[in-house]
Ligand code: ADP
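First, one chain by itself in C-alpha coordinates, the form predicted on its own.
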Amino acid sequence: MTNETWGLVREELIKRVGRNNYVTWIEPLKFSDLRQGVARFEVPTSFFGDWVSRNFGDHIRAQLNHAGAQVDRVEFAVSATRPAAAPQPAAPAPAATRARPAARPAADADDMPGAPLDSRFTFDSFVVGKPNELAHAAARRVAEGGPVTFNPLFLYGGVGLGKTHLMHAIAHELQTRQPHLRVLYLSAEQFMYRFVQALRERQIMDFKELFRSVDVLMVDDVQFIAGKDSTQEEFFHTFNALVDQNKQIVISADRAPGEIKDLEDRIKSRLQCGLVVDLHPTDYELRLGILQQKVELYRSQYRGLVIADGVLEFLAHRITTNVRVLEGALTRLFAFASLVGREITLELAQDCLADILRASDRKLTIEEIQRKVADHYNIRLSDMIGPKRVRTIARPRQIAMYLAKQLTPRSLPEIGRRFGGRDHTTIMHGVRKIEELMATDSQLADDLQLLRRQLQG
(Lines give C-alpha, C1' and ligand atoms only; values in the text may rest on other atoms or scores of the structure.)
Protein backbone atom coordinates (compact mmCIF):
# COMPACT_ATOMS: atom_id res chain seq x y z
CA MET A 1 0.00 0.00 0.00
CA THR A 2 1.28 3.46 -0.88
CA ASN A 3 0.78 6.85 0.74
CA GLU A 4 -1.39 7.71 -2.25
CA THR A 5 -3.71 4.82 -1.40
CA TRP A 6 -3.86 6.00 2.22
CA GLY A 7 -4.70 9.49 0.93
CA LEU A 8 -7.71 8.10 -0.96
CA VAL A 9 -8.78 6.11 2.08
CA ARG A 10 -8.60 9.22 4.26
CA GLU A 11 -10.93 11.07 1.89
CA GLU A 12 -13.48 8.27 2.28
CA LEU A 13 -13.05 8.26 6.08
CA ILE A 14 -14.10 11.92 6.22
CA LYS A 15 -17.53 10.82 4.96
CA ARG A 16 -17.67 7.86 7.36
CA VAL A 17 -16.62 9.44 10.66
CA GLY A 18 -17.44 13.13 10.09
CA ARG A 19 -15.08 16.06 9.63
CA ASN A 20 -14.63 16.84 13.34
CA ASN A 21 -13.64 13.27 14.18
CA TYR A 22 -11.45 13.13 11.09
CA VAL A 23 -9.50 16.28 11.97
CA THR A 24 -9.05 15.23 15.59
CA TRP A 25 -8.29 11.50 15.21
CA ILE A 26 -7.57 10.46 11.59
CA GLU A 27 -5.59 13.34 10.12
CA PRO A 28 -2.69 13.00 12.65
CA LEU A 29 -2.14 9.34 11.68
CA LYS A 30 1.02 8.69 9.63
CA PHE A 31 1.06 5.55 7.49
CA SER A 32 4.15 3.46 8.24
CA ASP A 33 3.93 0.15 6.33
CA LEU A 34 1.80 -2.85 5.40
CA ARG A 35 3.31 -6.30 5.98
CA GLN A 36 1.63 -9.71 6.20
CA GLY A 37 -1.83 -8.19 6.40
CA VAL A 38 -0.97 -5.73 9.21
CA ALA A 39 -1.23 -2.00 8.44
CA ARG A 40 0.88 0.06 10.83
CA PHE A 41 0.45 3.74 11.65
CA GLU A 42 2.42 6.21 13.75
CA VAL A 43 0.48 8.18 16.39
CA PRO A 44 1.41 11.08 18.72
CA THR A 45 0.83 9.16 21.98
CA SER A 46 -0.15 5.69 23.16
CA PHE A 47 -3.39 7.14 24.57
CA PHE A 48 -4.17 8.55 21.12
CA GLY A 49 -3.46 5.18 19.51
CA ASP A 50 -5.66 3.29 21.97
CA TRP A 51 -8.55 5.69 21.35
CA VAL A 52 -8.30 5.45 17.55
CA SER A 53 -7.99 1.66 17.72
CA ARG A 54 -11.12 1.29 19.86
CA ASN A 55 -13.30 3.78 18.03
CA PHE A 56 -12.10 3.92 14.41
CA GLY A 57 -9.93 0.82 13.87
CA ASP A 58 -12.69 -1.15 12.13
CA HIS A 59 -13.54 1.80 9.88
CA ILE A 60 -9.91 2.18 8.82
CA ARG A 61 -9.45 -1.55 8.15
CA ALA A 62 -12.67 -1.73 6.12
CA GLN A 63 -11.76 1.22 3.93
CA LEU A 64 -8.23 -0.09 3.35
CA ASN A 65 -9.68 -3.40 2.16
CA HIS A 66 -12.18 -1.55 0.01
CA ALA A 67 -9.21 0.15 -1.64
CA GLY A 68 -7.69 -3.27 -2.37
CA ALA A 69 -5.01 -3.31 0.35
CA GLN A 70 -5.93 -6.71 1.93
CA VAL A 71 -5.59 -5.73 5.59
CA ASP A 72 -6.38 -8.17 8.41
CA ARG A 73 -5.74 -5.73 11.24
CA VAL A 74 -4.35 -2.27 11.97
CA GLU A 75 -1.77 -1.36 14.59
CA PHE A 76 -0.80 2.00 16.08
CA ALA A 77 2.59 2.81 17.59
CA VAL A 78 4.08 6.01 18.97
CA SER A 79 6.53 7.52 16.53
CA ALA A 80 10.13 7.11 17.67
CA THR A 81 10.95 10.54 16.22
CA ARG A 82 8.38 12.38 18.31
CA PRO A 83 9.38 13.81 21.68
CA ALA A 84 7.77 12.21 24.71
CA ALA A 85 4.77 13.93 26.24
CA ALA A 86 5.16 15.94 29.39
CA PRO A 87 4.76 13.86 32.56
CA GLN A 88 1.64 15.81 33.56
CA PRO A 89 -0.16 16.63 30.31
CA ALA A 90 -2.62 19.47 30.46
CA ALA A 91 -6.25 19.23 29.49
CA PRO A 92 -7.06 22.65 28.09
CA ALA A 93 -10.69 23.47 28.15
CA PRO A 94 -12.82 25.49 25.79
CA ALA A 95 -14.40 28.57 27.28
CA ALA A 96 -18.13 28.92 26.95
CA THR A 97 -18.07 32.60 27.69
CA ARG A 98 -15.08 34.77 28.27
CA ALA A 99 -15.90 38.35 29.19
CA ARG A 100 -12.77 39.50 31.05
CA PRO A 101 -11.09 42.70 32.19
CA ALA A 102 -8.69 44.35 29.76
CA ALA A 103 -5.98 44.31 32.41
CA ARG A 104 -5.82 40.51 32.36
CA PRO A 105 -3.97 39.19 29.28
CA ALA A 106 -5.46 36.10 27.72
CA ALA A 107 -5.58 34.28 24.43
CA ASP A 108 -8.22 35.18 21.90
CA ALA A 109 -11.50 33.30 22.41
CA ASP A 110 -11.04 31.55 19.07
CA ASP A 111 -7.95 29.81 20.48
CA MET A 112 -10.14 27.94 22.97
CA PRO A 113 -13.52 27.33 21.35
CA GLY A 114 -16.05 26.32 23.96
CA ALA A 115 -19.36 24.63 24.43
CA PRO A 116 -22.09 27.14 23.58
CA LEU A 117 -24.63 28.04 26.21
CA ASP A 118 -28.29 27.42 25.39
CA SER A 119 -30.22 30.66 25.78
CA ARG A 120 -33.31 28.70 26.86
CA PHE A 121 -31.60 27.25 29.91
CA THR A 122 -31.95 29.96 32.53
CA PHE A 123 -33.19 30.02 36.11
CA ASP A 124 -36.41 31.67 34.94
CA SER A 125 -37.23 28.70 32.71
CA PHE A 126 -36.32 26.07 35.32
CA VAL A 127 -39.41 24.64 37.02
CA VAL A 128 -38.71 23.95 40.70
CA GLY A 129 -40.34 21.09 42.58
CA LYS A 130 -39.55 18.87 45.52
CA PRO A 131 -37.28 16.49 43.51
CA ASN A 132 -34.94 19.32 42.43
CA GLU A 133 -35.36 22.13 44.96
CA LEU A 134 -32.05 21.52 46.76
CA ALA A 135 -30.10 21.39 43.50
CA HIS A 136 -31.80 24.59 42.34
CA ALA A 137 -31.01 26.40 45.61
CA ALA A 138 -27.37 25.30 45.50
CA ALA A 139 -27.02 26.39 41.87
CA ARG A 140 -28.57 29.76 42.74
CA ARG A 141 -26.05 30.25 45.54
CA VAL A 142 -23.12 29.57 43.20
CA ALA A 143 -24.60 31.85 40.53
CA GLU A 144 -24.64 34.76 42.99
CA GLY A 145 -20.88 34.83 42.56
CA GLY A 146 -20.09 35.55 46.20
CA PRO A 147 -17.45 33.86 48.36
CA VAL A 148 -17.02 30.16 47.57
CA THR A 149 -18.95 28.29 50.27
CA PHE A 150 -18.80 24.74 48.88
CA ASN A 151 -16.32 23.54 46.30
CA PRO A 152 -17.08 21.73 44.14
CA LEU A 153 -20.83 21.75 43.64
CA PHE A 154 -21.54 18.27 42.30
CA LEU A 155 -24.93 17.71 40.62
CA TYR A 156 -25.98 14.20 39.67
CA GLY A 157 -29.07 12.42 38.42
CA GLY A 158 -30.54 10.49 35.51
CA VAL A 159 -31.08 11.65 31.94
CA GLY A 160 -33.35 14.65 31.43
CA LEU A 161 -33.66 15.74 35.07
CA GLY A 162 -32.12 19.21 34.67
CA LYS A 163 -28.37 18.93 35.39
CA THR A 164 -27.26 20.64 32.18
CA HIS A 165 -30.06 23.19 32.47
CA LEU A 166 -28.81 24.26 35.90
CA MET A 167 -25.20 24.47 34.74
CA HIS A 168 -26.14 26.71 31.80
CA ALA A 169 -28.30 28.80 34.14
CA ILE A 170 -25.35 29.32 36.49
CA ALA A 171 -23.16 30.46 33.60
CA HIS A 172 -25.84 32.85 32.28
CA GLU A 173 -26.38 34.36 35.73
CA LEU A 174 -22.66 34.83 36.35
CA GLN A 175 -22.34 36.58 32.98
CA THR A 176 -25.05 39.01 33.98
CA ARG A 177 -23.91 39.64 37.54
CA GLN A 178 -20.14 39.66 37.05
CA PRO A 179 -19.24 39.94 33.36
CA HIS A 180 -15.54 40.28 34.19
CA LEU A 181 -15.35 36.66 35.39
CA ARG A 182 -13.86 34.02 33.12
CA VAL A 183 -16.55 31.34 33.14
CA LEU A 184 -15.62 28.12 31.39
CA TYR A 185 -18.29 25.52 30.59
CA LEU A 186 -17.60 22.31 28.68
CA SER A 187 -18.40 18.63 28.65
CA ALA A 188 -15.94 16.06 29.93
CA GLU A 189 -15.70 14.72 26.38
CA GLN A 190 -14.58 18.15 25.15
CA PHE A 191 -12.11 18.26 28.03
CA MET A 192 -10.54 15.09 26.67
CA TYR A 193 -10.53 16.30 23.06
CA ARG A 194 -8.69 19.49 24.06
CA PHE A 195 -6.30 17.39 26.10
CA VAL A 196 -5.46 15.21 23.09
CA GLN A 197 -5.15 18.24 20.84
CA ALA A 198 -2.70 19.83 23.26
CA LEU A 199 -0.63 16.66 23.27
CA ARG A 200 -0.62 16.43 19.50
CA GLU A 201 0.36 20.05 18.98
CA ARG A 202 2.84 20.01 21.88
CA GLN A 203 1.24 23.07 23.46
CA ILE A 204 0.82 21.57 26.90
CA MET A 205 2.11 24.48 28.96
CA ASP A 206 0.18 27.09 26.99
CA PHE A 207 -3.08 25.24 27.48
CA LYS A 208 -2.27 24.51 31.11
CA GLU A 209 -1.80 28.23 31.80
CA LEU A 210 -4.99 29.20 29.99
CA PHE A 211 -7.10 26.46 31.49
CA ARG A 212 -6.09 27.17 35.08
CA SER A 213 -6.63 30.89 34.79
CA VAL A 214 -10.43 30.64 34.77
CA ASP A 215 -12.58 31.92 37.63
CA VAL A 216 -15.36 29.34 37.36
CA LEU A 217 -14.88 25.86 35.89
CA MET A 218 -17.97 23.85 34.88
CA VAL A 219 -17.58 20.27 33.58
CA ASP A 220 -20.67 18.35 32.42
CA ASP A 221 -20.95 14.54 32.42
CA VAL A 222 -17.68 13.94 34.24
CA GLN A 223 -18.28 10.17 34.20
CA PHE A 224 -16.97 10.27 30.62
CA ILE A 225 -13.34 10.48 31.80
CA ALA A 226 -13.64 7.34 33.95
CA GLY A 227 -11.09 4.76 32.80
CA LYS A 228 -9.07 7.33 30.81
CA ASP A 229 -5.97 7.49 32.96
CA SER A 230 -4.10 10.37 31.33
CA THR A 231 -7.17 12.58 31.18
CA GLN A 232 -7.97 11.82 34.83
CA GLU A 233 -4.41 12.72 35.81
CA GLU A 234 -4.66 16.19 34.31
CA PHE A 235 -8.20 16.70 35.58
CA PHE A 236 -6.97 15.95 39.11
CA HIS A 237 -4.12 18.45 38.93
CA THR A 238 -6.33 21.11 37.33
CA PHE A 239 -8.96 20.57 40.02
CA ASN A 240 -6.38 21.00 42.77
CA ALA A 241 -4.87 24.11 41.18
CA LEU A 242 -8.26 25.84 40.96
CA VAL A 243 -9.32 24.87 44.48
CA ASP A 244 -6.00 26.21 45.81
CA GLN A 245 -6.82 29.52 44.10
CA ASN A 246 -10.31 29.48 45.66
CA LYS A 247 -11.92 29.27 42.23
CA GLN A 248 -15.43 27.83 41.96
CA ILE A 249 -15.91 24.40 40.36
CA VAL A 250 -19.25 22.92 39.27
CA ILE A 251 -19.43 19.28 38.12
CA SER A 252 -22.28 17.10 36.85
CA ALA A 253 -22.59 13.35 36.32
CA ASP A 254 -25.22 10.67 35.92
CA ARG A 255 -24.41 9.17 39.34
CA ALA A 256 -22.76 10.05 42.64
CA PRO A 257 -18.93 10.32 42.70
CA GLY A 258 -18.48 7.11 44.67
CA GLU A 259 -20.59 5.18 42.15
CA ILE A 260 -18.63 6.12 39.01
CA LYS A 261 -16.84 2.95 37.98
CA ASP A 262 -13.15 3.27 36.95
CA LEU A 263 -12.86 6.78 38.35
CA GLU A 264 -9.69 7.16 40.43
CA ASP A 265 -10.24 7.11 44.19
CA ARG A 266 -8.39 10.39 44.68
CA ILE A 267 -10.73 12.10 42.20
CA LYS A 268 -13.79 10.58 43.87
CA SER A 269 -12.52 11.90 47.20
CA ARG A 270 -12.00 15.38 45.77
CA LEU A 271 -15.44 15.47 44.19
CA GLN A 272 -17.06 14.43 47.47
CA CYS A 273 -15.40 17.17 49.50
CA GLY A 274 -17.90 19.81 48.41
CA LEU A 275 -21.70 19.72 48.17
CA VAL A 276 -23.07 16.62 46.40
CA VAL A 277 -26.71 17.03 45.33
CA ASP A 278 -29.00 14.45 43.76
CA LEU A 279 -31.69 15.49 41.27
CA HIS A 280 -34.42 12.95 41.92
CA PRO A 281 -36.77 11.64 39.23
CA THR A 282 -39.66 14.00 38.56
CA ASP A 283 -42.95 13.57 40.38
CA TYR A 284 -46.41 14.25 38.96
CA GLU A 285 -46.63 17.83 40.26
CA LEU A 286 -43.26 18.78 38.78
CA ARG A 287 -44.07 17.24 35.40
CA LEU A 288 -47.39 19.09 35.30
CA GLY A 289 -45.65 22.36 36.17
CA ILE A 290 -43.14 21.84 33.34
CA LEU A 291 -45.94 21.21 30.86
CA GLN A 292 -47.86 24.29 31.98
CA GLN A 293 -44.79 26.45 31.52
CA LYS A 294 -44.16 25.06 28.03
CA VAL A 295 -47.77 25.72 27.05
CA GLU A 296 -47.37 29.38 28.00
CA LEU A 297 -44.30 29.61 25.75
CA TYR A 298 -46.13 27.93 22.87
CA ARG A 299 -49.20 30.18 23.00
CA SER A 300 -47.41 32.98 21.17
CA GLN A 301 -45.95 30.60 18.59
CA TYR A 302 -49.17 28.69 17.91
CA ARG A 303 -51.77 31.43 18.10
CA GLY A 304 -55.37 30.30 18.27
CA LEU A 305 -54.65 26.73 19.29
CA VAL A 306 -56.91 25.43 22.04
CA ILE A 307 -55.87 22.71 24.47
CA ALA A 308 -58.70 20.86 26.18
CA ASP A 309 -58.94 20.33 29.93
CA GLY A 310 -57.24 17.20 31.18
CA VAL A 311 -54.67 16.83 28.39
CA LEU A 312 -51.72 18.12 30.41
CA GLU A 313 -52.74 16.05 33.42
CA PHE A 314 -52.95 12.98 31.18
CA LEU A 315 -49.43 13.55 29.82
CA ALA A 316 -47.98 14.21 33.27
CA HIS A 317 -49.42 10.90 34.48
CA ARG A 318 -48.42 8.80 31.48
CA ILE A 319 -44.97 10.09 30.46
CA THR A 320 -42.71 9.59 33.46
CA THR A 321 -39.34 8.71 31.86
CA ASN A 322 -37.68 12.14 31.78
CA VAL A 323 -38.31 15.79 31.05
CA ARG A 324 -36.87 15.70 27.53
CA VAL A 325 -39.33 13.04 26.43
CA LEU A 326 -42.16 14.97 28.10
CA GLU A 327 -41.27 18.26 26.41
CA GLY A 328 -40.71 16.52 23.07
CA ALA A 329 -44.18 15.00 23.29
CA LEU A 330 -45.78 18.37 23.90
CA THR A 331 -43.84 19.96 21.05
CA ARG A 332 -45.00 17.24 18.66
CA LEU A 333 -48.58 17.60 19.85
CA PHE A 334 -48.68 21.36 19.28
CA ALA A 335 -47.02 21.08 15.87
CA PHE A 336 -49.42 18.34 14.72
CA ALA A 337 -52.51 20.18 15.93
CA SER A 338 -51.31 23.33 14.17
CA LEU A 339 -50.75 21.50 10.87
CA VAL A 340 -54.13 19.77 10.86
CA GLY A 341 -55.97 22.75 12.35
CA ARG A 342 -57.58 20.88 15.24
CA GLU A 343 -58.10 21.45 18.92
CA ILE A 344 -55.71 19.56 21.20
CA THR A 345 -58.02 17.01 22.78
CA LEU A 346 -57.32 13.89 24.78
CA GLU A 347 -58.18 11.77 21.75
CA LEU A 348 -55.79 13.71 19.53
CA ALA A 349 -53.02 13.35 22.11
CA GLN A 350 -53.53 9.58 22.30
CA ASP A 351 -53.38 9.24 18.50
CA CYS A 352 -50.48 11.64 17.92
CA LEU A 353 -48.32 10.32 20.76
CA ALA A 354 -49.17 6.62 20.51
CA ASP A 355 -45.52 5.52 20.15
CA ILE A 356 -44.31 7.64 23.09
CA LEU A 357 -47.17 6.44 25.27
CA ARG A 358 -46.43 2.80 24.39
CA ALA A 359 -42.76 3.25 25.29
CA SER A 360 -43.72 4.88 28.59
CA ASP A 361 -45.94 1.89 29.35
CA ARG A 362 -43.05 -0.56 28.97
CA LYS A 363 -43.20 -3.07 31.82
CA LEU A 364 -40.06 -3.73 33.80
CA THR A 365 -39.23 -7.44 34.01
CA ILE A 366 -37.71 -9.44 36.84
CA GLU A 367 -34.96 -10.58 34.46
CA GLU A 368 -33.97 -6.96 33.79
CA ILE A 369 -33.76 -6.31 37.52
CA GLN A 370 -31.64 -9.42 38.06
CA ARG A 371 -29.21 -8.44 35.28
CA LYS A 372 -28.86 -4.87 36.51
CA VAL A 373 -28.22 -5.91 40.12
CA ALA A 374 -25.76 -8.62 39.05
CA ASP A 375 -23.83 -6.09 36.95
CA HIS A 376 -23.82 -3.56 39.78
CA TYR A 377 -22.36 -6.01 42.28
CA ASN A 378 -20.14 -7.76 39.72
CA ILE A 379 -21.58 -11.24 40.25
CA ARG A 380 -22.76 -13.80 37.72
CA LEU A 381 -26.46 -13.94 36.90
CA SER A 382 -26.35 -17.72 37.32
CA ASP A 383 -25.13 -17.27 40.90
CA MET A 384 -27.96 -14.88 41.71
CA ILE A 385 -30.63 -17.42 40.83
CA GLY A 386 -28.51 -20.39 41.96
CA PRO A 387 -28.20 -22.06 45.39
CA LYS A 388 -25.07 -20.29 46.71
CA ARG A 389 -25.66 -18.57 50.06
CA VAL A 390 -22.38 -16.70 50.64
CA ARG A 391 -22.93 -13.10 51.70
CA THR A 392 -21.43 -11.56 48.53
CA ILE A 393 -24.16 -13.30 46.52
CA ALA A 394 -27.02 -13.55 49.03
CA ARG A 395 -27.22 -9.80 49.68
CA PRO A 396 -27.45 -8.77 45.99
CA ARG A 397 -30.01 -11.57 45.54
CA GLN A 398 -32.15 -10.10 48.34
CA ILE A 399 -31.80 -6.62 46.81
CA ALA A 400 -33.03 -7.97 43.48
CA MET A 401 -35.97 -9.64 45.27
CA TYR A 402 -36.83 -6.37 46.99
CA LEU A 403 -36.71 -4.40 43.73
CA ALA A 404 -38.77 -7.05 41.93
CA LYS A 405 -41.43 -6.72 44.62
CA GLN A 406 -41.36 -2.90 44.49
CA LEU A 407 -41.10 -2.30 40.75
CA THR A 408 -43.15 -5.11 39.19
CA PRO A 409 -46.73 -6.30 39.71
CA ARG A 410 -45.57 -9.91 40.14
CA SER A 411 -46.71 -11.90 43.16
CA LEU A 412 -44.27 -13.40 45.67
CA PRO A 413 -44.69 -16.96 44.27
CA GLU A 414 -44.04 -15.63 40.73
CA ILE A 415 -40.91 -13.81 41.91
CA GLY A 416 -39.77 -16.97 43.72
CA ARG A 417 -40.04 -19.00 40.52
CA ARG A 418 -37.78 -16.49 38.71
CA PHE A 419 -35.20 -16.83 41.48
CA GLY A 420 -34.49 -20.49 40.93
CA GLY A 421 -37.81 -21.84 42.16
CA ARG A 422 -37.58 -20.41 45.68
CA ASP A 423 -40.53 -20.47 48.05
CA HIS A 424 -42.56 -17.28 48.48
CA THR A 425 -41.57 -17.17 52.17
CA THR A 426 -37.90 -16.89 51.10
CA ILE A 427 -38.79 -13.90 48.93
CA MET A 428 -40.74 -12.33 51.79
CA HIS A 429 -37.76 -12.80 54.15
CA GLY A 430 -35.39 -11.20 51.61
CA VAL A 431 -37.68 -8.19 51.13
CA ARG A 432 -38.05 -7.64 54.87
CA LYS A 433 -34.31 -7.98 55.40
CA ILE A 434 -33.57 -5.22 52.89
CA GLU A 435 -36.27 -2.99 54.39
CA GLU A 436 -34.60 -3.37 57.80
CA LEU A 437 -31.08 -2.71 56.48
CA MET A 438 -32.12 0.40 54.57
CA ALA A 439 -32.65 2.25 57.85
CA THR A 440 -29.12 1.59 59.13
CA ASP A 441 -26.91 0.93 56.08
CA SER A 442 -26.47 4.17 54.13
CA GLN A 443 -24.40 2.47 51.40
CA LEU A 444 -27.14 -0.05 50.73
CA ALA A 445 -29.73 2.74 50.66
CA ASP A 446 -27.60 4.61 48.10
CA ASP A 447 -27.21 1.46 46.01
CA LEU A 448 -30.97 0.94 45.99
CA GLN A 449 -31.60 4.52 44.96
CA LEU A 450 -29.11 4.24 42.09
CA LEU A 451 -30.49 0.91 40.89
CA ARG A 452 -34.07 2.15 41.05
CA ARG A 453 -33.12 5.25 39.04
CA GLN A 454 -31.33 3.18 36.39
CA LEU A 455 -34.18 0.70 36.07
CA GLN A 456 -36.87 3.35 35.83
CA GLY A 457 -34.88 5.85 33.76
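Here the structure is a predicted model, which is why all the values come from computation and not from measurement. Sequential numbering from 1, following the sequence displayed.
Quick note: we don't show the form predicted together with this ligand, though the next part is all about it.
Taken together, the three residues 57, 61 and 200 all stay farther than 4.5 Å from this ligand in the predicted complex, as judged by their closest heavy atom. Contact annotation: this ligand lies within 4.5 Å of heavy atoms from the stretch 159 to 167 in the predicted complex, the single such stretch among 145 to 153, 235 to 243, 342 to 350, 159 to 167. Remark: residue 248 does not count among the residues lining this ligand in the predicted complex, judged by a heavy atom distance of 4.5 Å or less.
Looking at residue 264, you'd find every heavy atom of it more than 4.5 angstroms from this ligand in the predicted complex. Though the partner is left out of this view, residue 204 does not reach within 4.5 Å of this ligand in the predicted complex, counting heavy atoms only. Using a 4.5 angstroms limit between non-hydrogen atoms, residue 127 touches this ligand in the predicted complex. Though this ligand is absent from this view, in the predicted complex it lies within 4.5 Å of a heavy atom of just one residue from 311, 138, 323, 186, which is 323. This chain is displayed alone, yet in the predicted complex one of 368, 327, 278, 383 has a heavy atom within 4.5 Å of this ligand; that residue is 327. Residues of 189 to 226 are not found to place any heavy atom within 4.5 Å of this ligand in the predicted complex.
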